[in-house]
Each structure stands twice: as C-alpha cells, then as structure tokens.
Ligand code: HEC
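Take a look at this one chain, the form predicted alone, written out in structure tokens.
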Amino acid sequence: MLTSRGLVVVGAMVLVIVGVVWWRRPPVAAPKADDGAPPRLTPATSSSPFAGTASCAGRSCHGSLDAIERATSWQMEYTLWVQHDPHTRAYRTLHEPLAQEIARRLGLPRGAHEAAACLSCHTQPAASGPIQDSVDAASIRRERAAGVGCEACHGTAPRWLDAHLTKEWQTKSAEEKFREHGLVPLGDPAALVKACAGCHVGAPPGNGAPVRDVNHDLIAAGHPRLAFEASAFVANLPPHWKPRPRNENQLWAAGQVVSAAAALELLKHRTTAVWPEFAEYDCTACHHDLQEPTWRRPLGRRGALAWGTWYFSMPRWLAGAAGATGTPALDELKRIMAKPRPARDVAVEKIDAALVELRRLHAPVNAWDGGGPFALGKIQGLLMSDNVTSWDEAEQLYLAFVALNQTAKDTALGERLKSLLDVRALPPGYATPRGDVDPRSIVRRLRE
C-alpha cells in the first residue's frame, strides 16, 4: 500500500501529466455563429482580405431570430438576408445546367463555379481569386458558398468590424465611418448605386477587385444582358434593413448618373481589349425581325450602330433638369461610337470629358427633394421628350415615370403605366410586338 507521502507524490505526477496534456492539446474552436455567441473576428491579411459573411451571423450581432429594437439596427439583418435576398443564390446558380453550358461554350475547363469571369460577380470580389493551398482556402470556399455576401456591399469588414462595436462608433457620421474605416454609406443614394454598379453594370479591375465585364462573348454564350436601373432594382430587392424614408426622386436621378459613369469607366477599360465591344450597342440593331415594314425605317435605324441606348438616354435630360449646359462631350462620344470602327484614342479622350460632365451632376441631383409637386414637374418635363428612338430609351422613360410617381402620386399616370405592362418588353426573337407598336408609342400613350 502507498503511504500518505506516496499518495502525494502520485497525485502530483497526475497533475503534471494532465497539465502537459492540456497544454499540448489543440485550441478550442471558436463558437459557431449559430451558437449565438459573438463571432471571432478575423484580422485583415494579404491572403484573407475579408472577415466573412458568417462574422455577421451571430445571434447577438445581426443573426437574431426576432427583431430587437435599436436606434440603427434590428439585429436580424443577416437572418432576413439569408432567407429572402437573391444575392445569397448567386454562387449556387454557377452550378446550374445553364451556367455550366455557358462555361462549356466559352471553353472554361473547370466550369462556371471556378471561372474568374463568373466568380467576380457571383461571389464577393475578395473571394473570387484562385484558391491556393493555404489556411484561407476553407474560408474562401465558405465565403463563396454565401453568394454575394455582406462585405461586397458594406465594404471590407476587417477595417470596421471591431470599431463598429464601440460606443465611439455611434458618434461618427456615415462619412467619417467610410473615410476612416471603409464602411460604405449605403444610406447615400450615390454610394448605394456605386456599390451595386460594380457587378450590375460592370467595372474595370481596381481596389482589390478583378475586372467585372459581361461582354458580348458572355451574352452570346447565354448570359443575360446587363440592363441595370437602380430605382427598379432597389424596389424589387427584399429589404433586410430597418426601413427608413427614402427619396425616390433622388435615388432614381443618382442611379442614372452613377450608372452612366460606371458604364463609361467600363468602356474605357474595353478600349484596351477587343474593339469595338458589341455589348456596348443596342442588341436590336442586329437582332431584329427582317420583315418590312419596320419602325426602324422612319427613325433611320436600319443598319445603324445605336450606342449607349440604355445608360445614356437620360443624362442629357438630367443635365437640363439640373440647370447644366447639356452634355456636349457625351453627345460627341455617341457620334464617335456610332461609327463602324470608332477610333480608340479619340473615344478615350471623350470618355474622360464625359465623365467630368456626369460628375458635375452629382451635387444638383443629390439636392433633389422628395416632394410630390417637384416630382410632378419633372414628369411633365420628361413627357416633352421626343428623343425616343429605341426600346431601351422607351423603357428608361417608363422606369423614370414609375420612380417619380412614387412621390408625385398622379393616379391617371399610374393607370397609364399599368396599361403599358403588356407592350413595353420585347418578345422572344426581337420581333416588333403587336405588329405596328414602336418605341414612340410608349411616349404617346403616356401623354394621353
């Protein structure tokens, strides 16, 4: 039998062994976001420039199952987003048959779900690069699976994740949070549209993001053409944020200016590649019914290269409405781009000048109020527009009336807008709908 001294020695040896085992064992994994505990924060590194969508998902952060009333948050934003937002499905669509067929037609050997051209918009850009054999490979795969996650819109979280949990954060303005920490001020219409435009319009490479470009090759392979209009997209997006009053007039106008600028920046990048890029032109310039008669003949559209019909149909009108002296550089760029072989260097020069024109519109557009009489006056001005020569321009005019009428509340106009639902979209094959209906008919019916 062991003496009392022997028991003490054995006990001490056991404690030493247990201590060594404890010291040598792997660290305890951080609690999962679903456990309700605050997530472990991921520092910014060159190999992992994002914290990950899961870092917002804790029950005590933005993953609450019920709304918790706070000054700026419900704390269930992630819960609503993951349940309803179409951005969560962006990566999953790359595994679907259509996406894989597009990849096959483009000759992408590893499929759409591994192609940089697809990942750059179907997940957040920071997770779109090639996966290396590193400690971050698992987090990149996890972030891709989340779709277009939180940081794609709100900004790179390692810069602001810790700071936004402090009391001092509540004293900072949205501009200070962006300037000091990179949190995108999505309450500002221009900043909101710019965050969307990177993928929904396209963008050259920069700021850690790859090029995002749905060019004619992608469209010909089966990818939908990009036709982004901010006020319509935001209206159709299931909200996962705490509702606040929104100036629909300002959102529409800012959307037009910012989207047009994004399209010009992408065009400048395209001048360095295959030229001219057919995605810049109205699809119906080539893809249309060849039968006569056609509405294109009196408009001089047969065989013409109609450039920028979607993004540049409204800036000229906006310049006049904002008191500017037109858009001469943009008008000249349109004439250059309508030529069969537009000169690259001349186009670049006019792109820079047109960008200056658009940026001058930011301040007056951001000052637009949300009053009904104001919006009604803008609608009356648009009704006088007679420069509708394409379906793109007619559709942009229609969407402008829809947005402005949110505050104008013109019942008669609202009924006319509803009556146009059956004729404003092009049917399959780009044939003219209902025989003799052309784009100008939309304006005529709106003036009735």
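Heads up, when I say rigid core I mean the largest set of C-alphas that superpose within 1.5 Å between the two forms. None of the values given here were measured: they were computed from a predicted structure. Note that residue numbering follows the sequence shown and begins at 1.
Keep in mind that the form predicted in complex with the named molecule is not shown, yet the notes after this line are about it.
Answer with one of K167, R110, R244, R141: the residue that has a non-hydrogen atom within 4.5 Å of the named molecule in the model of the complex. It is R244 that has a heavy atom within 4.5 Å of the partner.
From the list A117, L318, I351, A263, which entry has a heavy atom within 4.5 Å of the named molecule in the model of the complex? The residue from A117, L318, I351, A263 that makes the contact is A117.
The named molecule contact in the model of the complex: T93, any heavy atom under 4.5 Å: Although the named molecule is absent here, T93 would touch it in the model of the complex, with heavy atoms inside 4.5 Å.
Is there a non-hydrogen atom of V346 within 4.5 angstroms of a non-hydrogen atom of the named molecule in the model of the complex? Flag for V346 set to no.
Does the named molecule get within 4.5 angstroms of any non-hydrogen atom of H288 in the model of the complex? H288: no, not in contact with the named molecule in the model of the complex.
Find out whether any non-hydrogen atom of L413 is located within 4.5 angstroms of the named molecule in the model of the complex, and reply yes or no. Contact with the named molecule, no.
For a quick test of understanding: in the model of the complex, does each of L383, R440 and R445 have a heavy atom within 4.5 Å of the named molecule? No, the whole trio is out of contact, none within 4.5 Å by any heavy atom.
Proximity to the named molecule in the model of the complex (heavy atom, within 4.5 Å), stretch among 232 to 240, 169 to 177, 361 to 369, 255 to 263: Looking at the partner contacts, the answer comes out as 232 to 240.
Within 4.5 Å of the named molecule in the model of the complex: residues from 168 to 190 (heavy atom criterion): The stretch 168 to 190, when checked against the named molecule in the model of the complex, contributes L186, G187 at the 4.5 Å heavy-atom cut-off.
Would you say T72 moves between this form and the one not shown, meaning its CA shifts by 2 Å or more once the core is fitted? It does, since the T72 C-alpha is displaced 2 Å or more between this form and the one not shown after the core fit.
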